[in-house]
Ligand code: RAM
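The chain that follows stands alone, in the form predicted on its own, written as C-alpha cells.
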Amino acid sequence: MKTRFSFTLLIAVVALSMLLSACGPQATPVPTQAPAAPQPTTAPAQPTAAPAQPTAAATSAATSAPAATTAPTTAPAASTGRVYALVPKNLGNPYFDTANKGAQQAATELGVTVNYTGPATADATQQIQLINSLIAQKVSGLAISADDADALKPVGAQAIAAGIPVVSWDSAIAAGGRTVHVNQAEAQGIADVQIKMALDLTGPNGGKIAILSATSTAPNQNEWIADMKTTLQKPEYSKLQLVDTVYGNDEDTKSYQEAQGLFMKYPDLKVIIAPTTVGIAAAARAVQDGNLVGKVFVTGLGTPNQMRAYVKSGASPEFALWNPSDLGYLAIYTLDAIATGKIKGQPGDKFTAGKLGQYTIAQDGTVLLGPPTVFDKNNIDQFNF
C-alpha cells in the first residue's frame, strides 16, 4: 500500500514539473555558425560622382599608343562625340609618338577623341589604304603627316569632298588634298640652322658633309634638302662640300647601315646631317660604335631624350628641333577649329590653340608653329621629350 502511494506521488511530481517547464522561458539554442559581424548603424558614404574618365583614347593599327604625360593646362572638357584621326608617316617613331602626346592633351582639353593610327612603315600606299578606311568610318577629321605629298592628294581631296576636314602636319599633302597645313617651322629656316650647325662642327676650314634623309619621297625632307643646297651657295659656307645624300627610309637598321656606308665611302667625311629623328639617332650610334667620336660628327633634327647620350658623348654635339608635342597639339586644335566651323581654313582666319595662343592662317594656307631650338650640352637637360 505504501509502495503504491509512493509511486503515485512520484508520478504527480513528474507531471507537475513537466507542466511548469512547458510554461517557462525556452533556452537559447547554440548557433551552428559564428554570428554575423555587427553592421554599422549608418551606411558608408558613397562617392557623389563616378571618377572622371579620359575623354581621348590613343589607338593604333598595331598597339595602343602611350597616354599623354603632359598635364592639360585646362580642365578636361565634356565629351563632344567628335572623333579625329592622327596619322603619322609610320608607327614606332619616337618623334611621332611625342607628337601624339600633345595631340592627346589637346583632345582632353577639347573633349574630343583622337585615334593615333598609321602604317607600320613609311609607305604612301599603306597610308592611302588606311585613310580610305578612315573615310569609310566617317571620322570627324583627319590630321596627316604625308609619306608622299602628291600621292596623298587624291585621297585627301576625297575626304574633303565627303565633308571630312583634312589638316596635314609635319609633312604636307599637296594643295588640293588638304584644308590647311600645320608647319613645324619655315623650311628655309630649318635648312639654314642645319647648315650652320654643320659649319660649327667642321670649324672654319670646313670639309666634306653628307645628308642622311628619311624616304626619297618625303616632301618635307626633300624641301629641306633643296633649301640646304641653296644655303650652301652662300659665301660663308663655301668651304663645306656636300658629297652625298642617302636614304634610311626612317628605319633604324637601314639608317645605321647607310651611315656606315658613308664612313667607308668617304674616309675623310666630317659631318652627317640627318633631318630625321630616326636617322640622326642611328647615325650617332654608328659613330660611337665605329669609334669615330671626334672624327665624324652628326647633326640634324632629333628629340632631346633620344639624343641626350650622344650629345654628352660628343657623337652629336648639337642638333635642332621644334617641340613635336606642341606640333601635335596645334594640329588637333587647328583641325577642331575647322570641324566645328570656328574657321573655314582660309588665309587670314584666326583661332586660338589653347596654351599656344592665337594663330593666323597664312596666304599659302599654312599655320606656322615657330622657330626651331638648337640643343647642346648646355641646355639639353632642360628638356624632356
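When you see a residue number, it is the position in the sequence shown, counting from 1. Note that the coordinates shown come from a computational prediction; the quantities given were computed from them, not determined experimentally.
One more form of this protein exists, namely the form predicted in complex with this ligand; it is left out here, but the text below deals with it.
Asker: Quick one: is N183 in contact with this ligand in the predicted bound form, heavy atoms, 4.5 Å cut-off?
Answerer: N183: no, not in contact with this ligand in the predicted bound form.
Asker: Within 4.5 Å, heavy atoms only: does P275 come near this ligand in the predicted bound form?
Answerer: Yes, P275 sits close enough to this ligand in the predicted bound form that at least one of its heavy atoms falls within 4.5 Å.
Asker: With heavy atoms only and a cut-off of 4.5 Å, decide whether T113 touches this ligand in the predicted bound form.
Answerer: No, no contact at 4.5 Å.
Asker: So, Q221 and this ligand: in the predicted bound form, are they within 4.5 Å at any heavy atom pair?
Answerer: Residue-level check for Q221: yes, a contact with this ligand.
Asker: Just one stretch in 285-293, 307-315, 88-96, 160-168 has heavy atoms within 4.5 Å of this ligand in the predicted bound form, so which one is it?
Answerer: Among the candidates, contact is made by 88-96.
Asker: Suppose contact means a heavy atom within 4.5 Å; in the predicted bound form, does that hold for all of A210, E258 and V271 with this ligand?
Answerer: Not a single listed residue reaches this ligand in the predicted bound form, so no.
Asker: Could you check which residue among I173, A106, A214, V298 gets a heavy atom within 4.5 Å of this ligand in the predicted bound form?
Answerer: Checking each option against this ligand in the predicted bound form, the one that comes within 4.5 Å is A214.
Asker: Using a 4.5 Å heavy atom cutoff, which residues in 321-349 contact this ligand in the predicted bound form? It's fine if the answer is none.
Answerer: Those in contact are L321, W322.
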